[in-house]
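First, one chain by itself: the form predicted alone, in structure tokens.
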């Protein structure tokens, strides 16, 4: 059938209608796009930028860093006297601006013990006049502490002065550069051990929620509608309660004189209270309870859609119940189980408040250390690097899930 040719006026009218429809669609999705940009893209972009951008030292002692560019840091000598004089003068300026403590804090991160040296030296330099600093500032600096004759301290100052640096990523994986510039392992392994522990805790929580959630979701999917609705209210009940309240309730249950210890002692099962709170066990058990609905709901939605006649057909053909369940029913629940497992694992690996309240030192996760660097040590760059690596880890898990199960099989409801 031959088409009907549109006139130019009809084509223009059609194009205007199409453009209007596209603008209308864009207006509908604009709030969502704005929300994603503001709440997701900008924070993550800022985090990635802060993990490599560190201008603090460069802003505090710019003239010294300019002088240090000519210094060969691979040599076993300290910088030239004119660089020392400039540094002594800038220390005096920092004392006048009351910012010498910031410089001491920054250098102390890469050179432990330098904080007190820089503060005491800065106070001594502040007592000299400008003429003395220009004529013998280098000698005054060396007299202020023998550590100023150590090239490693100057290497730390020069390294800390880099505006863009990957040093925080090396620290986040317990690596560092030695005096020769080679990447070596740090003496103390903190962050990699904590990453591994966080992965283990997240894995335990995922397995526990799966073990508890699967039979419960199966019962909900096959129970009478009225019973299933009542039980579903209990599943959703945690969502109607504050997370802080639920975590505090676990503290009351697990403490030395809490409900669990009291019951066990009254039943003469134990003679002394168990140390349940502030352990890895308390973190796992509390987070399993909190995250259990995230496993049950995807499983329930998938199980509810499975036709029970498949299982009955297998039984009618002579299959025993357990093999029929394992070969017929269980594979059909994979999309729900994998979605729930992915959801629980990703949420739990970055969980903060529950490990902070009930975990103690033994139950701390990498998220708690990130919060420490943001709130206590004021090392936002290292916190951003740790957060970026956590993001990479989660993306790797998501990629692995896509390779093994397939994102197209993801069913959340």
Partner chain sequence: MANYPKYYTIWHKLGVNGLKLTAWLVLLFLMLPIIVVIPLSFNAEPYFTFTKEMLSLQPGAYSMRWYAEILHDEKWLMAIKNSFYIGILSALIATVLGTCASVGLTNPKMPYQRLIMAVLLSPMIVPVIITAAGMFFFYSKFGLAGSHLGIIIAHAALGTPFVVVTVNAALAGFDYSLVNASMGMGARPIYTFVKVIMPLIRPGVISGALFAFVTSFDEVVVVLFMAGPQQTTIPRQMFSGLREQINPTILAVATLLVVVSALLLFTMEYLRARGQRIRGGQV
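Given the structure is predicted, the values throughout are model-derived calculations rather than measurements. Positions refer to the first chain, counted from 1.
Absent from the display: the form predicted in complex with the partner chain. The rest refers to it.
Of the residues 75, 134, 185, 241, just one reaches the partner chain in the model of the complex with a heavy atom at 4.5 Å or closer; this is 241.
Screening 169, 329, 218, 71 for any heavy atom within 4.5 Å of the partner chain in the model of the complex leaves a single hit, 218. Proximity of residue 10 to the partner chain in the model of the complex: non-hydrogen atoms within 4.5 Å are absent; the residue sits far from the partner. Not displayed here, the partner chain is approached by residue 250 to within 4.5 Å at the level of heavy atoms in the model of the complex. Of the heavy atoms in residue 234, some are within 4.5 Å of the partner chain in the model of the complex. Remark: residue 63 does not count among the residues lining the partner chain in the model of the complex, judged by a heavy atom distance of 4.5 Å or less.
In plain terms, the part of the chain that comes close to the partner chain in the model of the complex, with a heavy atom within 4.5 Å, is 207 to 215 out of 159 to 167, 98 to 106, 81 to 89, 207 to 215. Contacts between stretch 345 to 360 and the partner chain, counted in the model of the complex as any heavy atom lying within 4.5 Å, involve 350, 352, 353, 356, 357, listed in sequence order.
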